[in-house]
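Next up: a single chain in C-alpha cells, the form predicted on its own.
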Amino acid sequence: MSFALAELAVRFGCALRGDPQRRVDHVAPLAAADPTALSFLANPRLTRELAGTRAGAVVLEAAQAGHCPVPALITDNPHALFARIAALLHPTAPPSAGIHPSASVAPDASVEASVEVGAFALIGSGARIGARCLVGPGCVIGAGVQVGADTRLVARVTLLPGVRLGERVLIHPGAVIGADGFGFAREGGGEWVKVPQIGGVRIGDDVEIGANSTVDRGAIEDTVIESGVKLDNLVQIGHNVHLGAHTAIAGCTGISGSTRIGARCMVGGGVGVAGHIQICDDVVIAGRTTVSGSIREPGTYASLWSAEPIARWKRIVAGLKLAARRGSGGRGERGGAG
C-alpha cells in the first residue's frame, strides 16, 4: 500500500513542500530510509541526520523545512502526524472471524460473528464480546465480562469477572485485569484477615495496557480507567484507583489503592504513588519519583523521596551538594559529576 504525498497532505491537513506525486509505502529512520520511505524529525539532536537522508519524504516543523534535501510534510507536531501516517502505511491486520477448535466458549456467552477467538482461549458464562474483537491465544475471559467492539486481547490476557472494557481497547500479552486488590485487615495478634474484593474494573474506550501489567478490582466500588489512558509494561494499578482520561503511565510504576489521578497526566517509569491521595489534572511526574502526598497544582514534579515542584527540587539538590562540599572541606569535588 502506497500513498502520494499530495494525498497525505490533504488527508492529514498539513503543508507539502516538494513533489506532490512522490509515493511512500513504509516508514524508516532518517539514516536508514530509502526513496520509498517516510521518516520524521522531532528531536533536534537528530538534525545532523537530516542533511544526508534518502527518504522519500520527511515529516518536520516549518523551521526545519529549509534544511531538508527531500520533500517534506510540514506540521506543528511532527511526531503525532508521523504516528497517524505510520498507522495508515502499516495497518493492523483485522481479526479473522471464527473460533479455534481448541477454544472453549460457554453456551450462554455472546460472541459476535466477526470475532476471532484464538487457540486455547476460554470465554466464560454470560460474557459478551463485541464486534470485530480479537481474543488471542490463551486468553481467559471470566463470567459476565463485557468487551467492547474492536478490542484486541493479544495473547494470554486474563479478564476476571466484574471487568468491563470499552471499544478499541488494546491489551498486550500477560496482562491481568480484575484480580483481587491487596486488601487485608490486621487483628491484635498480628494475623491478617482478607477483605473481600467485591468491586469490578471499568475501562473506557481507546485504552492501551502493556504486557504483564495488572489492574486490580475494587474492594467495594470499581477501579476506573477512563478513555484514552495508556499504560506501559509492568504497571500495577491498585484497587479503587481512578485514572483520568488520556493519562499515560510508564513501565514499572505502582499506583497504590484508592488513589485518584487526573486527566492528561504523565507518570514516568519506576514511580511509586502512595494510596488514598489525589493528583490533579495535567501533572508530569519524573521517573523514580515517590509521591507520598496529594498534588493539587498542575506542573512537573521530581524527587527520589516525596514529590516536590521541580524548581524546588533543583534547589534541594544544590543545597545537598553544597553541604557535601562543606563536609569534605571542599576536597575531591572538583572533578565530580555536575
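From 1 onward, residues are counted along the sequence shown. Remember, predicted model here, so these are calculated numbers, not experimental data. Between two forms, the rigid core is defined as the largest C-alpha subset superposing within 1.5 Å.
We do not show the form predicted in complex with another copy of the chain, though everything after this point is about it.
Trainee: How about Ser258 - does it come within 4.5 Å of another copy of the chain in the model of the complex, if we only consider non-hydrogen atoms?
Mentor: No, Ser258 sits far enough from another copy of the chain in the model of the complex that none of its heavy atoms falls within 4.5 Å.
Trainee: Evaluate Gly319 for contact with another copy of the chain in the model of the complex, applying a 4.5 angstroms cut-off between non-hydrogen atoms, and reply yes or no.
Mentor: Yes, Gly319 is a contact residue.
Trainee: Look up in the model of the complex whether Thr214 has a non-hydrogen atom within 4.5 angstroms of another copy of the chain, and give yes or no.
Mentor: Looking in the model of the complex, residue contacts with another copy of the chain include Thr214, since a heavy atom lies within 4.5 Å.
Trainee: For Ala15, is any heavy atom within 4.5 Å of another copy of the chain in the model of the complex, or not?
Mentor: Contact check for Ala15: no, nothing within 4.5 Å of another copy of the chain in the model of the complex.
Trainee: Is it the case that Phe3, Gly98 and Ser110 all touch another copy of the chain in the model of the complex, with a non-hydrogen atom of each within 4.5 angstroms?
Mentor: No.
Trainee: Within 4.5 Å of another copy of the chain in the model of the complex, counting any non-hydrogen atom, which residues from 158 to 187 show up?
Mentor: Counting only heavy atoms within 4.5 Å of another copy of the chain in the model of the complex, the contacting residues of 158 to 187 are Thr158, Leu160, Leu170, His172, Pro173, Gly174, Ala175, Val176, Ala179, Asp180, Phe182, Phe184, Ala185, Arg186, Glu187.
Trainee: So that I can tell if Ala15 moves, could you say whether its C-alpha shifts by at least 2 Å between the shown form and the other one after the core superposition?
Mentor: Shift at Ala15: below 2 Å after core fit.
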